[in-house]
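One chain comes next, on its own, written as structure tokens: the form predicted alone.
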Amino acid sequence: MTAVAGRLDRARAALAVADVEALLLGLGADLRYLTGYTAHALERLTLLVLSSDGPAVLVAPRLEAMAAAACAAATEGLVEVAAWEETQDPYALVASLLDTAAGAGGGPAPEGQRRLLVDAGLPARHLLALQRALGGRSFGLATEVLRDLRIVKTPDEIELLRRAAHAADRVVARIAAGPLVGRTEAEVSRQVRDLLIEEGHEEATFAIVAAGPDGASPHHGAGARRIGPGDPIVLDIGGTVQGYGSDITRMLWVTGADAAVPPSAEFLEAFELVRAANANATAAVRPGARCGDLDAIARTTIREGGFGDAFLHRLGHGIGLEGHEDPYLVAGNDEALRAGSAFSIEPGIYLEGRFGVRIEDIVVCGADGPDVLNEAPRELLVVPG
């Protein structure tokens, strides 16, 4: 059985258990997960209609029908492609498909029990039009049935995440090799994006280059600041390999060619706390460990070092076909990790007007403990620039 065939079967089974009439999935990760289709981001409706006991149909505008028919699920005969013309009402087409599926299954459920689940990213213009066309049905989120499927990665998915991580590792090493001094953050950021593609990503999703005090803003947009001796640099980069993401953060310190400006004592203190927080939280990864407890381990390490108020964000986020997805490592989340879940571990310290520190790895929860996908050194990269 192929990957998409197994996913479609499991999704149908979950729909039946949850007493859901159908999934309605627009553009995005859920659609790619179930069909292998990455559609153009158009305003026209593209929608997978997956009922619990009827055919799977991929509704697509006529101009995208050939592309839709080339996706894995279509070429394997697992979904039908229903193309709609520019003058046709696609929402009425969806309604007719659901009515046909209901008739094949012995008729519709009583009004009030006909539930449809849509993906969280479906634009409001489509959702409102579907609600008008599908009166008598209630709507919920597709995460109700797809979350448990997507949160545990298969070996093939983990291998793609590992490939992406290793490609990003190589980019970090190439950036650390310079040149850096005299260049703007934006110039280095553009180089990062080029190198991500060169090292095997099909897409460079982000390239944070934050020098000196700019590092105190966790999601700093690389700008016109020129890098010079004495600058710490937060390098947070990522892209995708066959849809699966990389996300790594490493710290550089630029000394200048004559090593005239070594790391300050305050910076080294903060850096070592963040590195310890990363290591301590990673070591606690295992099936059954609670997401919030991992956050607490890292936060306690930083708090006991005197920088508790400077850790501004959650410890981490899940990663897969989306850069941020379940599970989230954050205080109050009592969900237990499962073998195969993948996520970032990225503690940080941010001191406004001075500097920021973050060390981030992608980690998979293995059967016996953590499987750290990134291999780039976590030590401070002290470079001449």
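The first residue of the sequence shown is number 1, and the count goes up from there. Small disclaimer: the values here were computed from a predicted structure and weren't measured.
One more form of this protein should be noted, the form predicted together with another copy of the chain, which is absent from this view; the next part is about it.
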{"property": "Proximity of H324 to another copy of the chain in the predicted complex, heavy atoms at 4.5 Å", "result": "yes"}
{"property": "A216 within 4.5 Å of another copy of the chain in the predicted complex, heavy atoms", "result": "yes"}
{"property": "Another copy of the chain contact in the predicted complex: L128, any heavy atom under 4.5 Å", "result": "yes"}
{"property": "Contact label in the predicted complex: G292 to another copy of the chain, heavy atom within 4.5 Å", "result": "no"}
{"property": "Candidate stretches 92 to 100, 307 to 315, 155 to 163, 174 to 182, one within 4.5 Å of another copy of the chain in the predicted complex by heavy atom", "result": "307 to 315"}
{"property": "Answer option from G140, G77, G223, G135, heavy atom within 4.5 Å of another copy of the chain in the predicted complex", "result": "G140"}
{"property": "Contact assignment for another copy of the chain in the predicted complex, among G243, G121, P262, G228, heavy atom within 4.5 Å", "result": "G121"}
{"property": "Candidate spot V17, V81 and A284, all three touching another copy of the chain in the predicted complex (heavy atom, 4.5 Å)", "result": "no"}
{"property": "Residues in 50 to 70 close to another copy of the chain in the predicted complex, defined by a heavy atom within 4.5 Å, in order", "result": "L63, E64, M66"}
